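Read the single chain below, which is given as structure tokens and is the form predicted on its own.
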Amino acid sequence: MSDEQYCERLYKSASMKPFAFSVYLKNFHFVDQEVYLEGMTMTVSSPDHEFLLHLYNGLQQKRAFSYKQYQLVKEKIRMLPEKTITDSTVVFRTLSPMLVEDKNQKPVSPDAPDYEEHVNHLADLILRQYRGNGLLSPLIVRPLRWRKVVVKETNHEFEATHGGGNVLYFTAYQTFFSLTGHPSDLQLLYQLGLSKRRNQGFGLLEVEEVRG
């Protein structure tokens, strides 16, 4: 981030952050707990122009980034074209796994009878936190195909409470699905992502087809 005060304000707030992202690892393989790869592409999406401005300017100012004992070297930054949604039904695919859980934090699969109810709850919460009001109309969710992905993750807060070496597991899904709803809701969900833990690499969407 190019503005330190903006970054502090963003992360001091308990509200959801206005972005989602996905990571693509080129030709990777595991050796024990290490991941070896030829390169990495990160895609970030947000409807918040202030956030994007500070992110872009911050990335322009640095060439290398340190993470634990690793160093990441930036090669290039590219602005991707964004689609404008004006119709009521869109087929999306996930660029990063979509995590949907019930109130007991149990994963909900796309073929579960209450999947649509949980996706509506999640979408309403995301939009309410971003713009102050939730869904303008309920979503009709039609999963077309999906694949289960178990994500293994840890962070410093979890390690501090559970000890080093312990990890979290999340059951998420890579999916193709159609969403029918108000076009402005669909546009924001496309930009913000649709998932729990969007700011940790879940739920970034890409438009596959607009059906009107």
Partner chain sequence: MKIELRMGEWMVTMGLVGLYRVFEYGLRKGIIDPQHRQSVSIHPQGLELETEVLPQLPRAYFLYLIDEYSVAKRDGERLRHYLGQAKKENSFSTALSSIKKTITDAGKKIQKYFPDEPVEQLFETLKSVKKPEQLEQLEQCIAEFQQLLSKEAINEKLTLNYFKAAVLKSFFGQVSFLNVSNNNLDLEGHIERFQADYIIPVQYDLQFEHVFRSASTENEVLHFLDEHAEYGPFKALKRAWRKKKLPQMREEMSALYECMLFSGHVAFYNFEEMIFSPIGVSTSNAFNFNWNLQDKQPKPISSLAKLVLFFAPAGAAIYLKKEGFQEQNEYRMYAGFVQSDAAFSEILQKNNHLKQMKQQKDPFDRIVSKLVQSVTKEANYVVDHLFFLEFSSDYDSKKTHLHYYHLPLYLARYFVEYPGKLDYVHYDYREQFIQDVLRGVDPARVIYQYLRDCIENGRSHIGPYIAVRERSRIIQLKRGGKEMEKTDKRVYALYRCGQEIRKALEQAGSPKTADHYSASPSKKIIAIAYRLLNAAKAGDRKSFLDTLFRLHMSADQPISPLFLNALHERDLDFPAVANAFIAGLLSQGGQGEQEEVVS
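Residue numbers count along the first chain shown, from 1. The model shown is predicted, which means the values in this text are computed figures rather than measured ones.
From this point on, the text means the form predicted in complex with the partner chain, which you will not see here.
Interface residue among 62, 147, 152, 49 relative to the partner chain in the predicted bound form, by the heavy atom within 4.5 Å criterion: 49. Contact with the partner chain in the predicted bound form, defined as a heavy atom within 4.5 Å, holds for exactly one of 53, 35, 167, 42, namely 53. Although the partner is absent here, residue 136 lies well away from the partner chain in the predicted bound form, with no heavy atom inside 4.5 Å. The partner chain is not drawn, but in the predicted bound form it has a heavy atom within 4.5 Å of residue 81. The partner chain in the predicted bound form is not approached by residue 184, whose heavy atoms all lie more than 4.5 angstroms from it.
For residue 191, a non-hydrogen atom is located within 4.5 Å of the partner chain in the predicted bound form, even though that partner is not displayed.
Stretch 53-61 is the contacting one of 139-147, 176-184, 53-61, 23-31, since its residues have non-hydrogen atoms within 4.5 Å of the partner chain in the predicted bound form.
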